[in-house]
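Shown below, as C-alpha cells, is a lone chain in the form predicted on its own; questions about how it binds or moves come after it.
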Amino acid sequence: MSIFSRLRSIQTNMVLSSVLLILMTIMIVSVISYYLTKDAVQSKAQEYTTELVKQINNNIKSYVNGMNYMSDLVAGNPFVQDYLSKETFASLKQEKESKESISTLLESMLVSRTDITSVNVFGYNGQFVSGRKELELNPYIDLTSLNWYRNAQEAHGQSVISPSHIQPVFKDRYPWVVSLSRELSSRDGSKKLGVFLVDLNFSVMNDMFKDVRLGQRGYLFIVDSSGKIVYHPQQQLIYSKLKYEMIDRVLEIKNGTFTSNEGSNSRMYTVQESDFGWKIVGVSYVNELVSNQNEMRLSYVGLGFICIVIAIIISFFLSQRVSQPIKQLQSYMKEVEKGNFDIHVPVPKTTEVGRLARAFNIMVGKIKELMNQVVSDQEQKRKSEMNALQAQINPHFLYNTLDSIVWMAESNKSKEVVLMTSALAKLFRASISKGEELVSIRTEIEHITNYLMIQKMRYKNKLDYQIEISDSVWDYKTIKVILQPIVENAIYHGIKMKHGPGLIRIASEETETDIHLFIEDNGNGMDEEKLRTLLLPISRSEAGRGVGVQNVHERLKLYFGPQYGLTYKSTLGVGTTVYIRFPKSLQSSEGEK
C-alpha cells in the first residue's frame, strides 16, 4: 500500500483526527493553565508586597508616633512653657536651673530612643536647649531659613515630618536625619513660644529598609505628600537623574497598584499612604514576580508532550480496534470481486460493523442466487438456440435428400431408391441420437458415411470419398451433425460444378487439448471475397449456401466457446479444406448421463 493510500485509510484518519483534536485541547488547556497560574502567582506576589508595605508603614508609624509622643511631652511640659515664655529671669541661676530641667527631660528621651540623634527646643527669644549638652548651634545657619523650621511655623502646632536631609543646625555636625518639628505655644495658645525639633537618625531608617527585598531587584522607597524623596535605596542616583521613579503616578494613588510600561523592565508599584502624609512604595519587577516562569513553561511543554504521546498510543489502539473489522470485511469483498461467492463474513460484536457484515452476507447470498439463476437461464437459452439451429439443419438436409430420391425414382432406379431410403432412415436415426447434444466421433462418422453413401448413389462416378479417422479419437465427444452440412456444401458448391470426378476426404488430427477434423474437396474452390464472407451472417442470403455451415460454426462456438468453430482454406479452381476444431472431451452430455 502506497503512503498516499495509507494517509487516506480510516485508521490513519482516525489517528490523525484524534491526535489533532487532543493536541489542540492540550495546547489550549496548557496556555490557559499557564496564564492562570502566572496570574495567580503574580496576584500572590502582589498581595505579599502589599502586606510587606503595610508592615513597613506600621513600623514607620510607630517611629513617628514615638516622636509625636515626645513632642506632646515637651509641648505640655511646664518647665518648657515657663522657660520659653519668659523673656528674662530673675537670676542667671534660675535661668540655668530652668534650662537644666528641660535638658534633663530631653536627655531622658534620648536615653529611651537610640534611634534619635538629637531632641531640641528653640525659643523665639533665642533660647536653645538640647538633650545633648555638647551640641552648639552653628553660627552660620539662620534657623528661619530651614524648611523644618518654617514648616513647623506654618503648621501652627501640628507635627511636621520632613524628608531626609542633612541637618546643618549644629556646629561641626552634619548628620543625615529625618526631622519632626512642631511649633510650641503657650497653654492658652495665645503666644507662640518656639519650635521643638526631633532628629531621627536616617541610618536607622536605612538599616530598617535596606534588607527589604522584593524579588532580586525590587526595593522600597518613601515620598512625602509633595513628591520629595524621604527614603530611597538609590537616592544618589535619583538626585543625579540616573534613575527615574514614577512619582507623579504614585502621588495620584492613595492606596493601590499600577504597572509601568517599560518592556522587559516593567515595574509594579504598590503604594500605601501613611497617616502623616508619606507614601510607602514597594517596587517589584514584573518578570521577577513569577521567579520560576521558565521552569513552569518547560513543565507545561513537557506535560503536553507526554499527553500527546499517550494520546497517539491510545488513538492508534482504538482506531485499530475500529478499523480491523472493516479491513477484514474489505478482504472478503476482494474475494467476492474475484468471483468467490462461497464466503461468509464473521459478524463482529461492534454494532455498526456487525450490521454491515450481516448486510454483506445477505448481499453475497442474493448475488450468488442471482448468478446461479443467470447461469441456469443462459443454459436454457443455449439449449433453445441449439435446438433452433438443429431444427434449421434437418429440413435443409431432408429437402436435398428427398430431391435425390425423387430424381432416382424418376429414373426407375427402385433398388437405389430402396437403398437410399434405407440409408436416409439410418441417417435420421443417428441424427436423433436419443435427444443428446453430444455424440461420439464414431456416431458422427457413421452419420456422414450414410450421407455420403446417399450422395454417392446420386452422383455415381462424379463423387468419391475417403474417411481416414484415427482410432484414438473415436470415443471423443462432439456435437452431432457437424460434418454433413460441410460435406453437403462441398458437393453442391464445389464438386457438382466442376468438370470431372470429385473427391471428398475426411480425416482427423489431435493435439494435447483439441480435436481437428478436416473435410477436403477438389472442387472449384472459392475466391478470397467469398471465403471472407462465408462464415459471416450476410452469407446466409445467398440462395441457401452457407446456412448449414453457419449453423455448425455457431453451434460449436455456442457449446464449446468462441475459440472453437470452423476455419476455411480454399484456392479457386483447386479445392477447399474446412477445419473443424473442438476440445477433447470424453464426457457425455446430460442426456447421455
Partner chain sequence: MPWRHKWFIGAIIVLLVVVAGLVYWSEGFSNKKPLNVTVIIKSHDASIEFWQVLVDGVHEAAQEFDTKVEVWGARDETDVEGQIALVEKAIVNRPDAIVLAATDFDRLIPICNKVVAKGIKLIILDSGINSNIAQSIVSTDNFKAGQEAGQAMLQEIKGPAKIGILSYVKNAASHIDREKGARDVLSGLPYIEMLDTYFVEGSEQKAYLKAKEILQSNTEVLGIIGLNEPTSVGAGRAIRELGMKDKVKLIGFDSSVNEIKLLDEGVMKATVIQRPFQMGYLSVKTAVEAVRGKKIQKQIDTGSLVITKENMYEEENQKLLFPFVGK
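Positions refer to the first chain, counted from 1. Please read all numbers here as calculations on a predicted model, not as lab measurements.
The same protein also exists as the form predicted together with the partner chain; that form is not shown, yet it is the one meant from here on.
May I ask you to state whether residue 474 is within 4.5 Å of the partner chain in the predicted bound form, using heavy atom distances?
Close contact is absent here: in the predicted bound form, residue 474 is far from the partner chain, nothing within 4.5 Å, heavy atoms only.
Report whether the minimum heavy atom distance between residue 221 and the partner chain in the predicted bound form is within 4.5 Å.
Answer no; every heavy atom of residue 221 is more than 4.5 Å from the partner chain in the predicted bound form.
Counting only non-hydrogen atoms and a 4.5 angstroms cut-off, does residue 172 reach the partner chain in the predicted bound form?
Residue 172: contacts the partner chain in the predicted bound form.
Although the partner isn't part of this model, could you tell me whether residue 374 comes within 4.5 Å of the partner chain in the predicted bound form, counting any heavy atom of the residue?
Result no; residue 374 lies far from the partner chain in the predicted bound form.
By the heavy atom within 4.5 Å rule, which residue out of 216, 513, 414, 378 makes contact with the partner chain in the predicted bound form?
Of the listed residues, the single hit is 216.
From the list 225, 470, 320, 186, which entry has a heavy atom within 4.5 Å of the partner chain in the predicted bound form?
Selected option: 320.
With the partner chain left out here, work out from 552-560, 47-55, 22-30, 527-535 which stretch has heavy atoms within 4.5 Å of it in the predicted bound form.
Going by heavy atoms within 4.5 Å, the stretch is 22-30.
Using a 4.5 Å heavy atom cutoff, which residues in 308-346 contact the partner chain in the predicted bound form? It's fine if the answer is none.
If the 4.5 Å heavy-atom criterion is applied to the partner chain in the predicted bound form, 308-346 yields 308, 309, 312, 316, 320, 327.
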